[in-house]
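Okay, here we've got a single chain as structure tokens, the form predicted on its own, with questions on binding and movement later.
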């Protein structure tokens, strides 16, 4: 029976796939962003094959010529991926074979499988996206550091259980987010190290009998090292799970920030105002100024959580080797990258233009016993009483004042209540002890809210960010250098130089 199938893998088949099967198994929408990476990986693979004497220099020149044309045609919209060819790899290879002929184009897939090919494409793409994400996190951190530098002494209430807790500074609040985001940077960095390994040469799962050089492809693709074990390389998807987990925790932090922006900008809190460029209105209520960016950040967090659960559920029951379930590994990560990067694209501008109502912050911190702990600490230090006894005394005073609708600012009443507990302090002493700004200065333990400690942390965090930004630039330069080296090799080959004589 004659084989009527047009598939590149159709040797044992005697008929075409049904339309339903083709539609069900194709991955064109997911793969479209991988075309440049697939072409780079194919160029490097072909160079390695020729360098090792597996294909001829003539084969290499034809392959490189048509891979270059595929890339330029793709950018110009002349080469469009079609679902009938299943995925990016089959589309690129088919384009090559149709252009160069099967006697040349048909040799590109020597010593390679779609299994390691898709891994190469994904590794190349993911590491770029991780660097872009890290750059976005750094930009946001620097906005918070600017707030911290300006407001290291701007007093505000700190909250626990969404209730007034102790006085902190606005700068202290800002550095808290920098501290969180720096841990996100560490997770993204660890994910990058896992991604920056070369799976090319693992082939289907067992390596190959051809004398390939995996170290050469590692160098030309800018990877740090080879992912050596072929079966592990083909089976593992932790290089997708780790970035996705890091993005999930990053999105958690962004969502928490969004939540604070939402309630800080309410009329009831009235401690921050959104710039008009980062707020929206109502179609029916003319007075509205809505924090849609913060709300959408909070809402889209669920999509990133779902992406992680999607992937983990996919992986939990798979045996070693490639399984077609793994075609579904990339859409969750692509979705997460898109969501996180869109949030990181808009939030720095929103935070940078946020107007803080410092008068309101100071009014709030004086209104609801936020310095009660300072009074208890003073009694421990100056009266020599056990902390629990001081806690009980101050709690009793607070309860009595609250019942009367008064605060610590009612100095005589506060003094009288303390006297009833056997504590004799002057009004002047009380005003000094209970002043929120003095409370800030007193909390100078390592990592505390004192202005001096906030300024110290700003300096430390800035240094850490500089190191991270340097690392991002270095990694991007390594990728760019590897790509430029590949292009120089291609240029020498196309000028007639033998692959074995090319100067790397």
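Every value quoted in this text rests on a predicted model; they were computed, and no experiment measured them. Residue numbers count along the first chain shown, from 1.
Below, we turn to the form predicted in complex with a small molecule, even though it does not appear here.
- Contact annotation: the small molecule lies within 4.5 Å of heavy atoms from the stretch 84-92 in the predicted complex, the single such stretch among 84-92, 373-381, 351-359, 260-268.
- The three marked residues, 27, 115 and 118, each reach the small molecule in the predicted complex, with a heavy atom inside 4.5 Å.
- The contact with the small molecule in the predicted complex, taken as any heavy atom within 4.5 Å, belongs to 326 out of 347, 240, 326, 155.
- Proximity to the small molecule in the predicted complex, taken as a non-hydrogen atom within 4.5 angstroms, holds for one residue of 151, 298, 227, 330, which is 330.
- Contact check for residue 322: a heavy atom falls within 4.5 Å of the small molecule in the predicted complex.
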